[in-house]
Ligand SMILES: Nc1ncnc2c1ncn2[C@@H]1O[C@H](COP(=O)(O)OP(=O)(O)OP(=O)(O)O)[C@@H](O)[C@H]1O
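Presented below, as structure tokens, is a lone chain in the form predicted on its own.
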């Protein structure tokens, strides 16, 4: 659906500040799945995000959407951005309309939809992000930080993009807020059969919600695969300044101590089941 072919991006070419942010990467974003992109600060993941809907152009290589180069002369970047929606980090700072309702409606209006369609888009976007009818009439600047985040995300969801790209969507939120935002987005993805790309430095979030993971390090792809496959490379991740989910780390230490556990678990539920089974086995042998 979305494919990067030998893509590089260099900032400040032929200046003293020249830096290669993305270095000859190739990968595909599978349709109807949640793809997580992780990496340390400066790994190139945010640059990838900006290139996905044409806000940045590759220095070299191609980005294909449904098999067509998005930067071909006959391609429309305006139309592309309705199909690949991008939510920046801390999107609440990008709100500007008088009411929440108008802010959510901004994208659909620019798509040229009828007022009836716009109203429908507002309602389902508000539903998926947990925005009540009462909040729709309020100024976005009267809301809490978490509520503003929901409004900003709703504005992108209202355009019903084929691909929704989110750069650190849960940054700065408490555990409950993270679960509500990310859980709501994944619920939206499943019900609409859309494609979701989540860019984050949180191994727990990426492990819990992603079907596939792309791991970036120094502008290159370090690892790619399912959460189980990626997090099984614990030593490689740590060597490159990354980590594994805390529960995976706990199980890995237990395994090194000689306990028979699967250290490929990455969610609290699966780790708890492993420990419960370990306790049961221990009780039987004793």
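Residue numbers count along the first chain shown, from 1. All values derive from a computational prediction rather than experimental measurement.
This protein has a second form, the form predicted in complex with the named molecule, left out of what is shown; the following refers to that one.
- Checking 35, 53, 46, 240 for any heavy atom within 4.5 Å of the named molecule in the model of the complex turns up a single hit: 46.
- Here is the short version: of 139, 94, 119, 89, the single residue with a heavy atom within 4.5 Å of the named molecule in the model of the complex is 89.
- Contact between residue 41 and the named molecule in the model of the complex is found at the 4.5 Å heavy atom cutoff.
- Contact annotation: residue 21 falls within 4.5 Å of the named molecule in the model of the complex, judged by heavy atom distances.
- Interface membership of residue 201, defined by any non-hydrogen atom within 4.5 Å of the named molecule in the model of the complex, is confirmed.
- Taking the partner from elsewhere, residue 168 is found to have a heavy atom lying within 4.5 Å of the named molecule in the model of the complex.
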